[in-house]
Structure formats: structure tokens, C-alpha cells
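Heads up, the chain below is alone and in the form predicted on its own; it's given as C-alpha cells.
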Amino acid sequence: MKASNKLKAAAAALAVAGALGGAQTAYAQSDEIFVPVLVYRTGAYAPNGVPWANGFVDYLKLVNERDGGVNGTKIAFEECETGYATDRGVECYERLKSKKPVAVNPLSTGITFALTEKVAADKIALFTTGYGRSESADGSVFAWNFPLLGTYWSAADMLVQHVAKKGSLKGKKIALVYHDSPYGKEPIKVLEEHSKKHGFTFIKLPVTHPGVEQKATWLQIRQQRPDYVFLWGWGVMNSTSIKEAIAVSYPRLQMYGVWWSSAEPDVLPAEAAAKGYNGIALGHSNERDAPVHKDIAKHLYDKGKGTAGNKSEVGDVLYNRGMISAMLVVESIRNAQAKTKKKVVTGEDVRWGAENLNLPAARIKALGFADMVQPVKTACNDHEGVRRARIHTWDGNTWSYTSDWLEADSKFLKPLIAAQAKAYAAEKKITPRDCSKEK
């Protein structure tokens, strides 16, 4: 499908999904496991929020339809619209926690900050796959947070590694165009540290919600001409940034988006003019032919049970990410069942399952995800599990990998994580767990 036609199809699907957002509901029975689905199918962030939600819900449906649930236990779920607003996200959480959920995925760093203390008190595992608080990789302090597959600090570190391979960064300029929110501010600390280490000038350029007005930001970029621009945006902010870069003739080849700024909704509005724009891919890109995609087509879309308004969305970057996010929850549930020998597990059980997750390549392949997910192994002191990624680049029609695997520098990041986690523990009067005693 051509990019322009795909954009029109996506818009139509978005309208349908937005109208049906509240309909994706299945109420938990005593013999089921409940997983709330916090979504935003409306508003400025819907272009990115809808495909993630569709992928997440479709995978839960697939497990129920194909497998009869997790080891025979069905997963019940209910969507709640947050509009990407922290207060609405907290309201959704408070309303749905009476159904005894085992895990929650807020798809918002702001909501993650607001829920971090609440989930600990309520004993509900908080999954923040590829987002959230970077210091929550330290499970000794953040026992209930799981920033699986990669934190923003890991992403920032890998991006610096990548551009440093192109030549010394000493005396150069790197600009961060970021959403002025907890999400957008996350990479700043790591980039500041790297600027000292590599000797580059770090330029911070915040963009106010929702990000549709950026002319002043890109005027500064035209004046300062940074060697690289890192984009930490979301929703319409991303496509606006790319359009403004085109307007001031900033080379897309020198732009790198975080994994939430490098999906189809970010580049399709600019069509071919976005060619050359790069992003760091969270282990996957827009793979479409993995066995899990074929199973979703067979068990859902061929039977009229798919969530997306258009089947062509299956395999888009954010759809895949939602699907992978749901898979990690399901496998944590499965792990909890294996330990407890219970069919219906609790949030506390699933917290253990997520903290002791071990998905080697063979298991990931057996689940149908092929090479879309890197092997994951978590522990008490590592709730991230893996920190590897590649760069993918938009060619005007699709994404293609354009780098070898990158791996975040744990030696560089661990002291930063430990210091931030220690400060949080002191502020909240938390006694860190002794991970040597955790099993």
C-alpha cells in the first residue's frame, strides 16, 4: 500500500477505533485473570495510542481464542480512555483496581510516576515496556515497576554510541527536541553526562503539549545548526517536528527519534519528504510475517474478531509494540502460575513472575515472535531485562534496519541508576531489598 493511501486508511481506522474504544471490554469472573487496558484512542496522542492499544488487545484475544487462555485460564480485560492525561489515568486505575487486576500498562511516563507508589500499596505489577522511570530498572527500590526491554536512559546512551561511531563528538552539537513532560525530560540526565564525557554541546529544546506549535523551536535549530537532533516526542508532536525540519531544511539523516518517535504515524504525514529520518527500534520494527502475525490473522481477523479497523495495520511498529507488551504480561502470568501452581494468580504472584522472567531466544521463537524480541532475563536488581536496539530508517515507504545491534553501556548507566534510585528511596523512606536474598 502506498504511503498516502495507508495514511488515509489509518485515519479511517482511527475514527472507527476511537468510536469503539469503550467497547473492548470483558469482565473478569472468579476463574479468570483481569488485565486493565489503559488507552488513548482520542485526542492529540491517538494516532500513536490507537495502534499500540490494538496490538495489546489483539494479543490478549489471541491467547484466549487460540489457547483458551494462559494454561487454560482466560484473560478478562477492560479498556479505559485516559487521553494521555495523568489525572484521567489515575482515575482509570482507581476505578478498575476493584476488579483485582494483576498488572497495569499505563503507556504514559506521567501516569507511571503517579502510579508508582499506588501499585506498591495495591500489589499490582506496573509494566512500562520501553518507557517509564529509568531508575526503576533497580528492582531493589522499585519492586513493582518493570521497564522491560529498555529504558530512556538506555535509549539515550545507545543513540550517543551510534552517532559517535560516525566521528568524534568533541566540539559538536546535539539538540534534544523533547515533549515538555516527565517522558520528554527522561533522557536529559544521561545526555548531560555524555556531553561532559564526549565534549559536545547539549542543547535542550522543550516543546509544550500537544506539540503542534514548534516554529520557534526549529528557528533555533536553523540558527544553531546542531550536528544531530534527537527527537523525544509523541503523538502529533512527532509528525510536526519532521514537517518543521523539512521547512527549515534540516537534514532528516541527522535526526534520530526515540522508539516512541519512529513509527508510521510520525512519518506518513510528510510522506516521501520524511525519507532518511532515523529512529532507534525497541528490538523490533514493522515486521509483518512472523508466526504470531499469521496466528492473529487466522484466529482473529479471518473471523471478524480483530481490534484494528484495518487489517493492514497488523505489523505496524506500534501495533507490534502493543502486542509485545501484552506478551510480556502473559509470560509473567505463566511464570507465576508455574511457581504457585495456581490457575488464577494475584498481582503479587505476577510481580514475582515478572521479576524472574527468563525468555531465551528459543522460547521467543516458540511464541511466534522470531527475532522481534531480544532474549529477556530479569532479576531483583534488573527489572529492565535487556537493553539492546538497532537503528531503523524511513525510506519514504517503509522502515529498514540501518545499523548493527547496539547495547547500552551498563558500566556507564548503573551508577546513575543506583544514585537516582537511592535518592528516591530516601525521599519515600523505602528500605531497599537485599537482592542477594531474593529468589
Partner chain sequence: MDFFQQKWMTWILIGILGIGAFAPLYAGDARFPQWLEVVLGGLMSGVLYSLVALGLVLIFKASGVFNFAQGAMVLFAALSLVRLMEFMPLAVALVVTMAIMVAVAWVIERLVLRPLVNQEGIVLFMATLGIAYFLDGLGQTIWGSDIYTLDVGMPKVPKILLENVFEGGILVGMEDVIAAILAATLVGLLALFFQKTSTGRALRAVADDHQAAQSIGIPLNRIWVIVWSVSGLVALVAGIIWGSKLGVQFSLQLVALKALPVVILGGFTSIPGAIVGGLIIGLGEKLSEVYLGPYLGGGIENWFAYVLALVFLLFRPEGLFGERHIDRV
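Residue numbers count along the first chain shown, from 1. Predicted model only: the values in this text are computed from it and were never measured.
Just so you know, the form predicted in complex with the partner chain exists too; it's not on screen, but the next bit is about it.
None of the heavy atoms of T393 is located within 4.5 Å of the partner chain in the model of the complex. Looking at S98, you'd find every heavy atom of it more than 4.5 angstroms from the partner chain in the model of the complex.
Proximity of R222 to the partner chain in the model of the complex: non-hydrogen atoms within 4.5 Å are present. At a distance threshold of 4.5 angstroms between non-hydrogen atoms, G315 is out of contact with the partner chain in the model of the complex. Per the 4.5 Å heavy atom criterion, the partner chain in the model of the complex is contacted by stretch 38 to 46, the sole one of 409 to 417, 38 to 46, 368 to 376, 382 to 390.
The listed set A164, A297, I246, A338 contains one residue whose heavy atoms approach the partner chain in the model of the complex to within 4.5 Å, identified as I246. Of the residues V90, L357, L268, A143, just one reaches the partner chain in the model of the complex with a heavy atom at 4.5 Å or closer; this is L268. Taking a 4.5 Å heavy atom cutoff to the partner chain in the model of the complex, the contacting residues in 185 to 208 are P206, T208.
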